[in-house]
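Shown here is one chain on its own, the form predicted alone, set out as structure tokens.
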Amino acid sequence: MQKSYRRRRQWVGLLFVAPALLLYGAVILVPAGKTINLSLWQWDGVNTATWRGLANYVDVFTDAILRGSIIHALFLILFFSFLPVLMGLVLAGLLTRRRWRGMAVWRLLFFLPQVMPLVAVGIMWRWMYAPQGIINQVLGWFGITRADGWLGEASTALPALGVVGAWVQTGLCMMLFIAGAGNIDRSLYEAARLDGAGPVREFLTVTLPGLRREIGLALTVTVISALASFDLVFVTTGGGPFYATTVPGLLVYQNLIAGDIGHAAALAVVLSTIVVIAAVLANRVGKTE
């Protein structure tokens, strides 16, 4: 009797979940399977496809431009993810240590880049990085200039884009950490102060462990943003100069436009795999005991 009741509950639960599973399969699994299938062929989208097997994947890791795009995306993680998380922790520690006047204004100013369209952000920073832009002018007072602008030289273009990403993501990380710090038991801070803990030790022993879940969430979101970056690169450098800022998302788009469906699909599969692995690792950071 009890077993039959459990089975009925399982079937009822499955009926409730079935629409969501069907929608997930139609929106996620079917396109993913189609992409994997396309990655095994050489096809221009019009003529008859030619079987290539895993050759497209070999090209992703042997072709200098395709392999370089993955390296660039991994490099951007330093700026899009690790640096914003570090800066967000510092800002959250400063803003939650005591009550500041105009706290709402500070939060708005730091979070504003996150809500701005990345296309607008890219255009704004492209002007600022231009040879006659404000950044070149200000740094020129210290003898640091770039004749072609900071986005016009291969050695500086990618780090310059990374700075933009850090500027955008820092506000999000800060808001996550401020919200998480509000859930930490205040008695822990009082106990730390009774033990003679200063601001730094208090942050390291109480605030930082209490924000572990929020840190994992921030790493997940920002790492995915770094790996899937497209619009910022598209409107600022277009992948140049000399492929110095190419990223997988941009090359997928360019290969699709050029009719190289196989390489575009293979690169998309590799990028998706890296994103999943990175998200799993970041999620492990956020696990609490």
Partner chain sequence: MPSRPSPRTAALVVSATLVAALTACAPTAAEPGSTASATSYSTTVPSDPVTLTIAYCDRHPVEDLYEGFKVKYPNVTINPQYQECSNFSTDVVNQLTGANPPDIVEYVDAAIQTTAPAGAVLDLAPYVELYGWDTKFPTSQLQQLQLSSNGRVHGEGSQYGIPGGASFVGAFYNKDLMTRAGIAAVPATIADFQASLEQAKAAGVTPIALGAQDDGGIHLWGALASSLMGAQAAQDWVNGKQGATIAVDGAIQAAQYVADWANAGYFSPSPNGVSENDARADFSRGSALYTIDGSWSMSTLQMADPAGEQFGFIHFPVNQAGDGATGQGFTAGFAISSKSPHADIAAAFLDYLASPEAAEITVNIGMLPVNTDPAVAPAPKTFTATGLRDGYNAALAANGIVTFFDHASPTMHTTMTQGLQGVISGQLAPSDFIAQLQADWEAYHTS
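Here the rigid core means the biggest group of C-alpha atoms that line up within 1.5 Å when the two forms are laid on top of each other. Residue numbers count along the first chain shown, from 1. From a predicted model like this one, the values you see are computed outputs, not experimental measurements.
The same protein also exists as the form predicted together with its partner chain; that form is not shown, yet it is the one meant from here on.
K.L.:
Here the chain is shown alone; which of T220, N56, T237, S229 has a heavy atom within 4.5 Å of its partner chain in the predicted complex?
P.N.:
Exactly one residue meets the criterion: T237.
K.L.:
From the list L211, C173, L151, L76, which entry has a heavy atom within 4.5 Å of its partner chain in the predicted complex?
P.N.:
Filtering the options by heavy-atom distance leaves L151.
K.L.:
Thinking of its partner chain in the predicted complex, which stretch from 188 to 196, 78 to 86, 124 to 132, 201 to 209 has heavy atoms inside 4.5 Å of it?
P.N.:
It is the stretch 124 to 132.
K.L.:
Looking in the predicted complex, any heavy atom of L21 within 4.5 Å of its partner chain?
P.N.:
Yes - in the predicted complex, heavy atoms of L21 and its partner chain come within 4.5 Å of each other.
K.L.:
For N37, is any heavy atom within 4.5 Å of its partner chain in the predicted complex, or not?
P.N.:
Flag for N37 set to yes.
K.L.:
Looking at the partner-bound form in the predicted complex, is L109 within 4.5 Å of its partner chain by any heavy atom?
P.N.:
No, no contact at 4.5 Å.
K.L.:
Just checking whether D63 would be counted as a contact of its partner chain in the predicted complex - the rule being heavy atoms within 4.5 angstroms.
P.N.:
Residue-level check for D63: no, no contact with its partner chain.
K.L.:
Within 4.5 Å of its partner chain in the predicted complex, which residues of 223 to 261 have a heavy atom? Give them in sequence order, or say none.
P.N.:
Heavy-atom contacts to its partner chain in the predicted complex: T236, T237, G238, G239, G240, P241, F242, Y243, Y253, Q254, I257, A258.
K.L.:
How about V46 - superposed on the rigid core, does its CA move between this form and the one not shown by 2 Å or more?
P.N.:
Shift at V46: 2 Å or more after core fit.
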